[in-house]
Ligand code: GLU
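Shown here is one chain on its own, the form predicted alone, set out as C-alpha coordinates.
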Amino acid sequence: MTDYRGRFAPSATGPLHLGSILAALLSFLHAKHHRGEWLIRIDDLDQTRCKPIYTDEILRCLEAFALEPDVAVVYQQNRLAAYQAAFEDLMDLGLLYSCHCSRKSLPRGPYPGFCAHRLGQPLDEQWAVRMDTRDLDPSVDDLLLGAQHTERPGDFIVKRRDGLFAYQLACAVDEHLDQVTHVIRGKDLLESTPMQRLIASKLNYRRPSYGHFPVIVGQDGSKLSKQAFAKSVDWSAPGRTYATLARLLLLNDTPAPEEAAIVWREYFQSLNHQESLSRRASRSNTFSI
(Lines give C-alpha, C1' and ligand atoms only; values in the text may rest on other atoms or scores of the structure.)
Protein backbone atom coordinates (compact mmCIF):
# COMPACT_ATOMS: atom_id res chain seq x y z
CA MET A 1 0.00 0.00 0.00
CA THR A 2 1.27 3.46 -0.89
CA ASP A 3 2.24 5.79 1.96
CA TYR A 4 -0.04 8.48 0.53
CA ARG A 5 -3.06 8.24 -1.69
CA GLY A 6 -5.45 11.16 -2.04
CA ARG A 7 -8.57 11.58 -4.10
CA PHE A 8 -11.12 13.93 -5.63
CA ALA A 9 -14.69 12.61 -5.68
CA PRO A 10 -17.11 14.82 -7.62
CA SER A 11 -20.76 13.90 -8.00
CA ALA A 12 -21.96 13.37 -11.56
CA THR A 13 -24.95 15.68 -11.13
CA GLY A 14 -23.64 18.61 -13.14
CA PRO A 15 -20.51 20.31 -14.48
CA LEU A 16 -17.69 21.45 -12.24
CA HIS A 17 -17.75 24.99 -10.84
CA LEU A 18 -15.03 27.18 -9.31
CA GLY A 19 -15.31 25.50 -5.91
CA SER A 20 -14.93 22.08 -7.54
CA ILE A 21 -11.71 23.12 -9.26
CA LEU A 22 -10.35 24.49 -5.97
CA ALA A 23 -11.11 21.18 -4.26
CA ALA A 24 -9.53 19.17 -7.06
CA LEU A 25 -6.46 21.41 -7.17
CA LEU A 26 -5.81 21.44 -3.41
CA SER A 27 -6.26 17.69 -3.03
CA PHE A 28 -3.98 17.13 -6.05
CA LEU A 29 -1.31 19.49 -4.71
CA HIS A 30 -1.42 17.97 -1.24
CA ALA A 31 -0.83 14.52 -2.73
CA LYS A 32 2.07 15.74 -4.86
CA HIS A 33 3.55 17.69 -1.93
CA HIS A 34 3.78 14.36 -0.10
CA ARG A 35 4.97 12.45 -3.20
CA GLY A 36 1.78 10.45 -3.20
CA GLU A 37 -0.81 9.20 -5.65
CA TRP A 38 -4.02 11.01 -6.56
CA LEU A 39 -7.14 9.41 -7.93
CA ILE A 40 -10.53 10.48 -9.26
CA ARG A 41 -13.67 8.76 -8.03
CA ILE A 42 -17.00 9.59 -9.65
CA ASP A 43 -19.92 9.74 -7.24
CA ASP A 44 -22.64 8.35 -9.50
CA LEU A 45 -24.56 6.22 -7.04
CA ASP A 46 -27.88 8.05 -7.48
CA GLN A 47 -28.79 7.15 -11.04
CA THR A 48 -31.85 9.41 -10.99
CA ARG A 49 -29.63 12.50 -10.57
CA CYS A 50 -26.31 11.38 -12.03
CA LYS A 51 -25.93 11.39 -15.80
CA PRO A 52 -23.20 9.94 -18.04
CA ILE A 53 -22.99 13.26 -19.87
CA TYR A 54 -21.91 14.92 -16.63
CA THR A 55 -19.34 12.21 -15.94
CA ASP A 56 -17.80 12.73 -19.36
CA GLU A 57 -17.79 16.50 -18.93
CA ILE A 58 -16.18 16.28 -15.48
CA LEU A 59 -13.36 14.06 -16.72
CA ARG A 60 -12.74 16.22 -19.79
CA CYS A 61 -12.75 19.32 -17.60
CA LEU A 62 -10.17 17.90 -15.17
CA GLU A 63 -8.00 16.87 -18.11
CA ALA A 64 -8.25 20.41 -19.50
CA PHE A 65 -7.02 21.72 -16.14
CA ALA A 66 -4.06 19.30 -16.25
CA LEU A 67 -5.36 17.44 -13.19
CA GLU A 68 -4.74 13.87 -14.22
CA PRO A 69 -5.07 10.86 -11.89
CA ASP A 70 -2.27 8.41 -11.23
CA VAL A 71 -4.59 5.39 -11.36
CA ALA A 72 -7.72 4.51 -13.32
CA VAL A 73 -10.89 6.46 -12.60
CA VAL A 74 -13.33 4.56 -10.35
CA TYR A 75 -17.13 4.73 -10.26
CA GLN A 76 -19.47 4.21 -7.34
CA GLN A 77 -22.13 2.53 -9.48
CA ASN A 78 -19.76 -0.44 -9.85
CA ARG A 79 -19.63 -1.00 -6.10
CA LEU A 80 -23.15 -1.87 -5.06
CA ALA A 81 -22.10 -5.34 -3.90
CA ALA A 82 -19.36 -3.87 -1.70
CA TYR A 83 -21.79 -1.39 -0.13
CA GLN A 84 -24.29 -4.18 0.50
CA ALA A 85 -21.61 -6.33 2.14
CA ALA A 86 -20.58 -3.48 4.44
CA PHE A 87 -24.24 -2.80 5.26
CA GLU A 88 -24.76 -6.44 6.21
CA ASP A 89 -21.63 -6.41 8.38
CA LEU A 90 -22.97 -3.39 10.29
CA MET A 91 -26.32 -5.15 10.59
CA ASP A 92 -24.63 -8.28 11.98
CA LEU A 93 -22.88 -6.09 14.56
CA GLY A 94 -26.28 -4.93 15.78
CA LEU A 95 -25.67 -1.30 14.87
CA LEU A 96 -28.60 -0.64 12.52
CA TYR A 97 -32.31 -0.06 12.88
CA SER A 98 -35.25 0.90 10.69
CA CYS A 99 -36.51 4.47 10.94
CA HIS A 100 -40.17 5.24 10.20
CA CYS A 101 -39.80 8.99 10.63
CA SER A 102 -40.70 11.23 7.73
CA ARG A 103 -38.48 14.20 7.01
CA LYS A 104 -41.34 16.57 7.81
CA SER A 105 -41.82 15.03 11.25
CA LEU A 106 -38.26 15.71 12.36
CA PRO A 107 -37.04 18.89 14.06
CA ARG A 108 -33.97 20.68 12.73
CA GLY A 109 -30.62 19.52 14.00
CA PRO A 110 -29.37 16.08 15.07
CA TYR A 111 -31.71 13.13 14.79
CA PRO A 112 -33.56 12.90 18.15
CA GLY A 113 -33.72 9.11 18.22
CA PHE A 114 -37.47 8.62 17.81
CA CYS A 115 -36.94 5.15 16.32
CA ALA A 116 -33.86 4.12 18.32
CA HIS A 117 -35.98 1.64 20.28
CA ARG A 118 -35.98 -0.51 17.13
CA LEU A 119 -32.23 -1.19 17.53
CA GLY A 120 -31.83 -4.95 17.73
CA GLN A 121 -35.06 -5.65 15.89
CA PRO A 122 -35.15 -7.16 12.37
CA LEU A 123 -34.75 -4.48 9.71
CA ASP A 124 -37.69 -3.39 7.64
CA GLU A 125 -35.89 -2.07 4.57
CA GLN A 126 -38.94 -0.42 3.08
CA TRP A 127 -37.92 2.33 5.51
CA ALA A 128 -34.69 4.23 5.93
CA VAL A 129 -32.01 2.53 8.02
CA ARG A 130 -30.00 4.40 10.66
CA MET A 131 -26.78 3.59 12.52
CA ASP A 132 -26.29 3.70 16.28
CA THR A 133 -23.80 6.47 17.11
CA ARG A 134 -23.25 6.00 20.83
CA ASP A 135 -19.56 5.27 20.09
CA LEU A 136 -19.11 8.25 17.76
CA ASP A 137 -16.26 10.62 18.64
CA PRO A 138 -17.18 14.14 17.44
CA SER A 139 -13.62 15.49 17.70
CA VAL A 140 -11.43 15.72 14.61
CA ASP A 141 -7.66 16.17 14.59
CA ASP A 142 -7.69 18.04 11.30
CA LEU A 143 -4.53 18.15 9.18
CA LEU A 144 -5.21 21.73 8.11
CA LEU A 145 -7.45 23.26 10.77
CA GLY A 146 -6.03 21.62 13.87
CA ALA A 147 -8.26 20.25 16.63
CA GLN A 148 -11.97 20.54 15.76
CA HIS A 149 -15.11 19.57 17.66
CA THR A 150 -18.20 18.86 15.57
CA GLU A 151 -21.82 18.70 16.64
CA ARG A 152 -23.04 15.20 17.36
CA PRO A 153 -25.23 14.20 14.39
CA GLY A 154 -27.51 11.74 16.12
CA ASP A 155 -28.04 8.34 14.52
CA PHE A 156 -27.53 8.93 10.80
CA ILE A 157 -28.96 7.22 7.73
CA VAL A 158 -26.84 4.57 6.02
CA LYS A 159 -29.52 3.37 3.61
CA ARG A 160 -32.27 5.56 2.25
CA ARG A 161 -35.93 4.67 2.04
CA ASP A 162 -35.61 4.44 -1.77
CA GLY A 163 -33.00 1.71 -1.33
CA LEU A 164 -29.92 3.78 -2.15
CA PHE A 165 -26.93 3.53 0.14
CA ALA A 166 -26.33 6.88 1.81
CA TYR A 167 -23.28 9.08 1.27
CA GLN A 168 -21.64 8.35 4.64
CA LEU A 169 -21.63 4.59 4.12
CA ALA A 170 -20.60 4.69 0.47
CA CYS A 171 -17.79 7.17 1.12
CA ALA A 172 -16.36 5.17 4.03
CA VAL A 173 -16.36 2.00 1.93
CA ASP A 174 -14.86 3.84 -1.03
CA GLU A 175 -11.91 5.16 0.98
CA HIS A 176 -11.22 1.59 2.09
CA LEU A 177 -11.49 0.07 -1.37
CA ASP A 178 -9.37 2.81 -2.93
CA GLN A 179 -6.78 2.60 -0.13
CA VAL A 180 -7.10 6.33 0.44
CA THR A 181 -4.79 7.51 3.22
CA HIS A 182 -5.54 11.26 3.13
CA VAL A 183 -8.79 13.11 2.41
CA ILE A 184 -8.39 16.82 1.58
CA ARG A 185 -11.79 18.43 1.03
CA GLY A 186 -13.96 21.45 1.76
CA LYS A 187 -14.84 22.49 5.29
CA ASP A 188 -18.51 21.96 4.51
CA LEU A 189 -17.82 18.22 4.81
CA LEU A 190 -16.12 18.42 8.21
CA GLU A 191 -19.31 17.25 9.94
CA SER A 192 -19.23 14.06 7.83
CA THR A 193 -15.80 13.04 9.08
CA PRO A 194 -16.84 11.56 12.47
CA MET A 195 -19.63 9.57 10.81
CA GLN A 196 -17.38 8.11 8.12
CA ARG A 197 -14.69 7.45 10.69
CA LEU A 198 -17.19 5.58 12.91
CA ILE A 199 -18.22 3.32 10.01
CA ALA A 200 -14.57 2.63 9.18
CA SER A 201 -13.80 1.81 12.80
CA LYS A 202 -16.71 -0.62 13.15
CA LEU A 203 -15.70 -2.40 9.92
CA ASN A 204 -12.02 -2.53 10.94
CA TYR A 205 -10.91 -0.35 8.04
CA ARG A 206 -7.79 1.74 8.16
CA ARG A 207 -9.04 5.29 8.74
CA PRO A 208 -7.69 8.08 6.52
CA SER A 209 -6.30 11.35 7.83
CA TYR A 210 -8.58 14.30 7.08
CA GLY A 211 -7.91 17.92 6.21
CA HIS A 212 -10.51 20.58 5.43
CA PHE A 213 -10.14 23.95 3.75
CA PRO A 214 -12.59 26.89 3.44
CA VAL A 215 -15.16 26.77 0.66
CA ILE A 216 -15.89 29.47 -1.89
CA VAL A 217 -19.04 31.47 -1.25
CA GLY A 218 -21.00 33.72 -3.56
CA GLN A 219 -22.13 37.28 -3.03
CA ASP A 220 -25.10 36.08 -0.96
CA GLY A 221 -22.76 34.23 1.40
CA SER A 222 -23.88 30.75 0.37
CA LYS A 223 -21.51 28.03 -0.76
CA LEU A 224 -21.05 27.52 -4.48
CA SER A 225 -22.76 24.25 -5.33
CA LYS A 226 -24.40 22.40 -8.18
CA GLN A 227 -27.66 22.38 -6.23
CA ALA A 228 -27.57 26.19 -6.16
CA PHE A 229 -26.79 26.25 -9.90
CA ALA A 230 -23.28 27.62 -9.51
CA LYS A 231 -21.80 28.75 -12.82
CA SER A 232 -19.72 26.06 -14.49
CA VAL A 233 -16.08 26.78 -15.24
CA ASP A 234 -14.98 27.49 -18.79
CA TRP A 235 -12.57 24.66 -19.38
CA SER A 236 -11.67 26.00 -22.82
CA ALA A 237 -9.68 28.69 -20.96
CA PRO A 238 -8.45 27.06 -17.72
CA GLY A 239 -5.82 29.74 -17.13
CA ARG A 240 -8.53 32.29 -16.38
CA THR A 241 -10.05 30.05 -13.72
CA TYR A 242 -6.63 29.36 -12.24
CA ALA A 243 -5.98 33.12 -12.17
CA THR A 244 -9.19 33.60 -10.19
CA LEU A 245 -8.13 30.92 -7.69
CA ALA A 246 -4.70 32.52 -7.40
CA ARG A 247 -6.34 35.82 -6.44
CA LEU A 248 -8.45 34.06 -3.81
CA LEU A 249 -5.30 32.46 -2.42
CA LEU A 250 -3.57 35.89 -2.39
CA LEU A 251 -0.76 34.67 -4.65
CA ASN A 252 1.63 37.00 -6.44
CA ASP A 253 3.83 36.78 -9.54
CA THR A 254 1.45 34.38 -11.22
CA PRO A 255 1.39 33.25 -14.84
CA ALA A 256 -0.86 35.20 -17.18
CA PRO A 257 -4.50 34.10 -17.47
CA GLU A 258 -3.80 33.17 -21.08
CA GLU A 259 -1.13 30.63 -20.12
CA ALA A 260 -1.79 26.91 -20.55
CA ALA A 261 -3.14 24.80 -17.71
CA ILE A 262 0.13 22.87 -17.36
CA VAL A 263 2.00 26.16 -16.82
CA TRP A 264 -0.38 27.07 -14.03
CA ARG A 265 -0.22 23.62 -12.48
CA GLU A 266 3.57 23.72 -12.42
CA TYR A 267 3.41 27.19 -10.87
CA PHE A 268 1.13 25.94 -8.09
CA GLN A 269 3.38 22.93 -7.56
CA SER A 270 6.48 25.11 -7.30
CA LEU A 271 4.82 27.11 -4.52
CA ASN A 272 3.53 23.95 -2.91
CA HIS A 273 7.07 22.61 -2.52
CA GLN A 274 7.76 25.54 -0.22
CA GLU A 275 4.52 25.37 1.75
CA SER A 276 1.40 23.28 1.29
CA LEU A 277 -1.15 25.49 -0.45
CA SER A 278 -3.88 23.45 1.23
CA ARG A 279 -2.53 24.53 4.61
CA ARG A 280 -2.18 28.10 3.43
CA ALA A 281 -5.77 28.08 2.18
CA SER A 282 -7.03 26.82 5.56
CA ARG A 283 -6.00 30.10 7.23
CA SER A 284 -9.01 31.85 5.70
CA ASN A 285 -12.57 31.46 6.97
CA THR A 286 -14.10 31.49 3.50
CA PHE A 287 -13.24 32.59 -0.02
CA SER A 288 -15.68 35.18 -1.36
CA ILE A 289 -16.16 35.96 -5.03
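On a predicted model such as this, the values are computed, not experimentally measured, just so you know. Note that residue numbering follows the sequence shown and begins at 1.
Just so it is clear, the following notes concern the form predicted in complex with ligand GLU, a form of the same protein that is not shown.
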property	result
Residue among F156, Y167, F87, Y97 with a heavy atom within 4.5 Å of ligand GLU in the model of the complex	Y167
Of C171, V129, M195, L144, the one that lies within 4.5 Å of ligand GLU in the model of the complex (heavy atoms)	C171
Partner contact for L189 in the model of the complex: ligand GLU, 4.5 angstroms, heavy atom	yes
Contact of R41 with ligand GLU in the model of the complex (heavy atom, 4.5 Å)	yes
Touches ligand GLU in the model of the complex: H182 (any heavy atom, 4.5 Å)	no
Close approach of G14 to ligand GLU in the model of the complex, 4.5 Å, heavy atom	no
Per-stretch contact check against ligand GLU in the model of the complex, the hit in 41-49, 28-36, 232-240, 54-62 (non-hydrogen atom, 4.5 angstroms)	41-49
Partner contacts for 8-27, taking ligand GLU in the model of the complex and a 4.5 Å heavy atom cut-off	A9, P10, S11
